[in-house]
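Single chain ahead, written as structure tokens, the form predicted on its own.
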């Protein structure tokens, strides 16, 4: 069975509800896959560039200041969160990011995003529906 990124988005939304976007970006900031809910509009290339930059800064801070390995970054706003985790996709470093709507459960978001990141390390996604 071919799994699509759209299928992964729908599966995450069924568990977490109110997901605005799910995005997989190469470490150098290029969009690999991106899915949005119908009401949310943005340029996925901008999200990819931003998440790549923020993740690189987070990795440097973790390594240089805390002397530990980076796991995730969460940006909280008054209308939701952007959660970013590093993963591998087809052997290449990537960033998986999720944008949620109002009142997210951060523990659940983190749990399911890391679970999806682990899945992506061995997955091959289909671009077709």
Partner chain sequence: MHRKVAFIGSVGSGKTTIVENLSGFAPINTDVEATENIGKKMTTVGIDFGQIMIGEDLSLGLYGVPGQRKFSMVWEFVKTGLWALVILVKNENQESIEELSHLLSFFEVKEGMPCVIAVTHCENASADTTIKQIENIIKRYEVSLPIYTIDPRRKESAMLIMHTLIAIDETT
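Residue numbers count along the first chain shown, from 1. Owing to the predicted nature of the structure, the values given are computational and were not obtained by experimental measurement.
Only in words, not in the display: the form predicted in complex with the partner chain, which the text now covers.
- Partner contacts here mean any heavy atom within 4.5 Å of the partner chain in the predicted complex, and among 76-84, 98-106, 54-62, 33-41 they occur only in 54-62.
- Within 4.5 Å of any heavy atom of the partner chain in the predicted complex lies no heavy atom of residue 69.
- In the predicted complex, at least one heavy atom of residue 49 sits within 4.5 Å of the partner chain.
- The closest non-hydrogen atom of residue 88 lies beyond 4.5 Å of the partner chain in the predicted complex.
- For the partner-free chain shown, just 92 of 91-105 comes within 4.5 angstroms of the partner chain in the predicted complex, judged by any non-hydrogen atom.
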